[in-house]
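Here's a solo chain for you in structure tokens, the form predicted on its own.
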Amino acid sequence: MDKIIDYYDNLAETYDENRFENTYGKFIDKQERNILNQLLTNSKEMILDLACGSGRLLNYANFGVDASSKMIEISKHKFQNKSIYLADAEKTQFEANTFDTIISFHFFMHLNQNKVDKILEECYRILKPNGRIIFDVPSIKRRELLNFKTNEWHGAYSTSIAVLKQNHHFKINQTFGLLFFPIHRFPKFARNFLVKIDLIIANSFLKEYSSYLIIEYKKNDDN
């Protein structure tokens, strides 16, 4: 985990510019927001952005948490009206049953299964009854199809809907596919025109062959 924190501390100052201000980053951002806009329709919800980073999606949340102090500095500067804390996602320090919804993007992909399970346990604890967590994760079926290999921890984790269904703390409410086309291989001028087409195909029967899955997990209050 220290390697991940160091990595993002070093990237923090130029992260927004390098990651999301190019056509590829804007494509991903638009697709993610299309899905979040469908799911986050209740303005009265108490929402936590877990691993909020530089605050790209903090406009959807009341609270933010991240383990990178440099990222926290940037998100606090951008959102001075939000409650943003430096904390480990496994131990957020929030009281039980605090949040209606947790969102967490571009985070689980850097972890291993054991770490993901522990963070989901913490999410279960701090979510209210019937609460939910919305997160993204690389699709293992896509990676197996393309024989995709990762280096060390960066983006190394992937999974399937079938595996996600096995978590006893949560049940899947909705799933979405994201980034079906290899957008980085298309010329920049064409990428914006592919947004709607990609969203349709990524959420067809080919969903699990998209690059990423977005999962809406609902807290299983039968436990």
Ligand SMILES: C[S@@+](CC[C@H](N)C(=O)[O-])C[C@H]1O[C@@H](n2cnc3c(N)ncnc32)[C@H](O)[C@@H]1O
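Since this is a predicted model, take the numbers as computed values, not measurements. All residue numbers refer to positions in the sequence shown, first residue = 1.
Keep in mind that the form predicted in complex with this ligand is missing from the display, and what follows is about it.
- Stretch-level contact check against this ligand in the predicted complex with heavy atoms at 4.5 Å: of 143 to 151, 93 to 101, 124 to 132, 107 to 115, the positive one is 107 to 115.
- The partner is absent here, but in the predicted complex a heavy atom of 89, alone among 137, 84, 120, 89, sits within 4.5 Å of this ligand.
- Within 4.5 Å of this ligand in the predicted complex, a heavy atom is found for not a single one of 163, 215 and 217.
- Residue 24 falls outside the set of residues with a heavy atom inside 4.5 Å of this ligand in the predicted complex.
- Taking the partner from the other structure, this ligand in the predicted complex has no heavy atom within 4.5 Å of any heavy atom of residue 195.
- Though the partner is left out of this view, residue 67 does reach within 4.5 Å of this ligand in the predicted complex, counting heavy atoms only.
- Using a 4.5 angstroms threshold between heavy atoms, residue 53 counts as touching this ligand in the predicted complex.
- Residues 5, 8, 15, 20 are the ones in 5 to 20 with at least one heavy atom within 4.5 Å of this ligand in the predicted complex, listed in sequence order.
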